[in-house]
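Below you'll find only one chain, the form predicted alone, shown as structure tokens.
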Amino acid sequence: MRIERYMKASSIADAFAILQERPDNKIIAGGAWLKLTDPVINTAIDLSLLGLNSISEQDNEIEIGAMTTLYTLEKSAIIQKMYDGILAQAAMKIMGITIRNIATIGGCIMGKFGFSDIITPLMAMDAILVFHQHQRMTLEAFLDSKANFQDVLIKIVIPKTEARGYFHKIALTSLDFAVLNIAVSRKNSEYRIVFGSRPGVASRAFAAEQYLKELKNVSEDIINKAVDMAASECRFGTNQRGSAEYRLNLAKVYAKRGIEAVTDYEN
């Protein structure tokens, strides 16, 4: 890859203005996966001077700066408490500590990477993205957007709530990308079932979530039906790490474990 020019932005407005100058100007959000994006970047925009690397607890939400590293997520006491710590767990399982000290939550989101272990739990936590110009939007809406998104991600907001969570990553080695990852959450009667590294970008099982929401008591038969619905709703593909059939079987096993975990189900 080739970078023609490198600039450290002095403000968010400055970063946005430079980004708008040319379509091949790009923000550097850590740079861990930079080689997987554009082969030529005219101007690389560094946000490291803008103070977007903190985690703060507000009255009704948790705010995570877009330049917060994965290692900071992993070690944050605030993040470890939310949804049984699924976001911290996901960060901890990404490659080695040298990568986690470089890669940022904003970079993981803006890249829309199919292999991302961060997007999956964030979707289960109803994460909201805050940009410089665009209005607040859900992470799902951003992932579904097909437009060239030339904007500066400022922070990620997670509503504060009492909720349960489950995350699991299956990989060939501890330093490899996931064969599959899954996040399950429950907030009162609301469920989220999310499969990532399918190998496509993370996807929710809406029908299975609605089915569980409508039922007051969860039995083994109900869980099994929800698992079958989730596995059939989300598409799984084949790549060098695993076949579609293998991923489907993994999805069923870990979706069941996840639902059981967040409902305190006992056989």
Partner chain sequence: MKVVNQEIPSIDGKSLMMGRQAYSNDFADTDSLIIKVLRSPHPFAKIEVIDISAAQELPGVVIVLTYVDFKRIPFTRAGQGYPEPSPHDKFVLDEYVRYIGDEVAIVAAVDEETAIRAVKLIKVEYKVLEPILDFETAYNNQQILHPEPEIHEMFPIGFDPKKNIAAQYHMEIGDVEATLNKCDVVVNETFYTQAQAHAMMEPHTCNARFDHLNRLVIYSSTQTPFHIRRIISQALEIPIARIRVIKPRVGGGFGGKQAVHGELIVASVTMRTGKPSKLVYTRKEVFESTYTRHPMRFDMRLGAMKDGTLKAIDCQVLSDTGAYGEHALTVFMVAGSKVLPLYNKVDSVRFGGKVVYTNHTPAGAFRGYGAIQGNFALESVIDVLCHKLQMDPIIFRQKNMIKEGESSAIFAIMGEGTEGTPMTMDTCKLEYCVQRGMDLIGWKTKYPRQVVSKDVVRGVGMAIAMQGSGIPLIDMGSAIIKLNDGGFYNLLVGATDIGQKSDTVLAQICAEELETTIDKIIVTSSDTDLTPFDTGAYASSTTYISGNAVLNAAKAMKSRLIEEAAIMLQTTIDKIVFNGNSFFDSQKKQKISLEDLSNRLYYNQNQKQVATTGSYVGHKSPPPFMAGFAEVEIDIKTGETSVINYVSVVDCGTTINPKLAQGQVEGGIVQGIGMALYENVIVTKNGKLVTNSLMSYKIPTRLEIKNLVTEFAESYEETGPFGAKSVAEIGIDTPPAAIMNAIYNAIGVRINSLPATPEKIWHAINERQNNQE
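From a predicted model like this one, the values you see are computed outputs, not experimental measurements. Numbering follows the first chain given and starts at 1.
Missing here is the form predicted in complex with the partner chain; even so, the following discussion is about that form.
Figure note: of the listed segments 143-151, 121-129, 76-84, 168-176, the one touching the partner chain in the predicted bound form, with heavy atoms no more than 4.5 Å away, is 168-176. Remark: Arg257 counts among the residues lining the partner chain in the predicted bound form, judged by a heavy atom distance of 4.5 Å or less.
Taking the partner from the other structure, the partner chain in the predicted bound form has a heavy atom within 4.5 Å of a heavy atom of Leu250. For Ser243, a non-hydrogen atom is located within 4.5 Å of the partner chain in the predicted bound form, even though that partner is not displayed. Residues from 1-29 that approach the partner chain in the predicted bound form with a non-hydrogen atom within 4.5 Å are limited to Arg2.
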